[in-house]
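Okay, here we've got a single chain as structure tokens, the form predicted alone, with questions on binding and movement later.
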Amino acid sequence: MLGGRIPWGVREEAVLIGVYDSGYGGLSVLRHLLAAFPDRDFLYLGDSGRAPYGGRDVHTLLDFGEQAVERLFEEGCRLVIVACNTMSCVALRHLQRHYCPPEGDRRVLGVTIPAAEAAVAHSAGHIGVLATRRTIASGTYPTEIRKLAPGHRVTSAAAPLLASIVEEGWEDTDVAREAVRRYLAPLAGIDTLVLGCTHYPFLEDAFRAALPTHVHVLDPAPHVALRLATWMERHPGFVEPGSGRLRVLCTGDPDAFVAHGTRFLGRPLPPVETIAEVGGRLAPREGHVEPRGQVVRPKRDRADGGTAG
């Protein structure tokens, strides 16, 4: 049932902020949120066991988004930040309409509008967007940018390998520099580059080396934190501070999440709790042991009582 327990003794009047991402990358957004709101309580959900999202079909993303947001609401969050660009571009409106009626006390916010606003503020008229295939296919960034600046030109390109390069820790390698150079080729002539994936800011040096010096390289993460501050000024019901606690959930291997996540967050993570999909929802799971070799599960009875074949 949605709207369940408030974890680890947080005062009921405190507003717990959920941050949802496909895996580790959203921790770079959380880093800025923690700096901007040091007295707030955060719950981070990284769907690392099902990442990456960039090549997923739309309906699978909607399912994943529903499961994650429901889990965060069950844990006591009233405000959820969708830090994943792919999910923000594809599923944000669905999640808002499904879970946030105007008369309700829950909200789901994304990262695309703060990024679009910042890009328009910096651009002289030609904005480039580099992101995952699904983010680019959604057309969300050009749509939001043109709402703000109808005369601006937007050129977009997918860069599916860059997230994996970052997760491997290969940012300062010839592989990374060559990949960045090739992905930037379709964006010739831009004056502002939106890094439309939370992994890409870790390649900022490679981007700057490959671009003309006048091109502004935009990491949306700090702008998300700034935009949230102004949003809270307009929504005082979400402003109650907590005690500065951070809790982390992931759907994959928690040890791997800690190892990778510390680099993205820029500081050690608290103990990471494991959740997994059970019956179409994300549920807590005790421990995480990956079986080796061939795996056989007990045969499940068919609902209609029939037999396979």
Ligand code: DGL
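Just so we're clear, the structure is a prediction, and the values are computed from it rather than from any experiment. Don't overthink the numbering: it's just position in the shown sequence, from 1.
This protein has a second form, the form predicted together with the named molecule, left out of what is shown; the following refers to that one.
- Though the partner is left out of this view, C197 does reach within 4.5 Å of the named molecule in the predicted bound form, counting heavy atoms only.
- Within this chain, P254 is remote from the site of the named molecule in the predicted bound form, having no heavy atom within 4.5 Å.
- For G261, no non-hydrogen atom is located within 4.5 Å of the named molecule in the predicted bound form, even though that partner is not displayed.
- Comment: 53 to 61 is the region of 267 to 275, 53 to 61, 66 to 74, 236 to 244 lying near the named molecule in the predicted bound form, near meaning a non-hydrogen atom within 4.5 Å.
- In the predicted bound form, the named molecule lies within 4.5 angstroms of at least one heavy atom of each of the following residues of 83 to 106: C84, N85, T86, in sequence order.
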